[in-house]
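Taking the form predicted on its own, here's one chain by itself in structure tokens.
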């Protein structure tokens, strides 16, 4: 571990993408370590990326898009840092992102994945991708999936210390160049029930929860096979089934949790009649913004339909992208 004097002139910069879950992370076997109850599968997007810069400071602080985070919001960042540092090394963390907060794009995942990579470089701790993924998970569970490139498989693991709960790459982004993801930002408001609270309530009160966990563990290896085979029809059907299963489980909690809006459901119903069912699919995380999957040859038809059904609504079109990585940077880059 470098000494305080050695760290006084250091900086580290890393970036990471948001990821979209096809098999969901919804429920924890251990909340303190963000250890999932089931395996999950996701795709990293090729944009936008979130950048994290670390420089020395007299006290831990986080500057998010030029706004200082309140102290109660710092513990997830400190959990990542504390796994690598020894007191009294304190840092200023600058976060630059265009990922909309609570938009269903796992924005916190990108931040914590970038932080894990930057922190390992800053404190000069050599970690492979599995260890970086496990480290990112300490800050945000889904961040485990923003470390490996392309298509990720997050292993739930079984050890109490979480060392076997990390994500690995199923295939790189070049594996399926025709795949497209389209995020539609119907609602930018923060959800009424956070993902943390929603997971906790679902696990504690839903009569469907046990079956939900079993379904995820059954679906994850199948989804991996569909990705490796580039079987879009099977991937599309399984992705939508997984999303609806998750939201149905949420509806059986006490009190019920309804993340989907009438507008989002009506949009899917209309698309079902307007487009061939094997040309697209949709998934939702804990929110009302749909993320569509399609292939490049079907993208123009999907975009045209969305323009007609949701005129003026911002969209993001992406491909599978690379995972978390170090970036070039200079001391003082932090806002």
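Residue numbers count along the first chain shown, from 1. Worth saying up front: this structure is predicted, and the values here are computed from it rather than measured.
There is also a form predicted together with a small molecule; it is not shown, and the following applies to it.
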Looking at 239, 140, 253, 97, which is the one with a non-hydrogen atom within 4.5 Å of the small molecule in the predicted complex? 140
The one residue among 91, 246, 167, 111 placing a heavy atom within 4.5 Å of the small molecule in the predicted complex is 246
Look up in the predicted complex whether residue 38 has a non-hydrogen atom within 4.5 angstroms of the small molecule, and give yes or no. no
Going by a heavy atom distance of 4.5 Å, is residue 286 a contact of the small molecule in the predicted complex? yes
Determine whether any heavy atom of residue 206 comes within 4.5 Å of a heavy atom of the small molecule in the predicted complex, and answer yes or no. no
Given that the partner is absent here, does residue 202 sit within 4.5 Å of the small molecule in the predicted complex, heavy atoms only? no
Of the listed stretches (141 to 149, 217 to 225, 167 to 175, 72 to 80), which one has a non-hydrogen atom within 4.5 Å of the small molecule in the predicted complex? 141 to 149
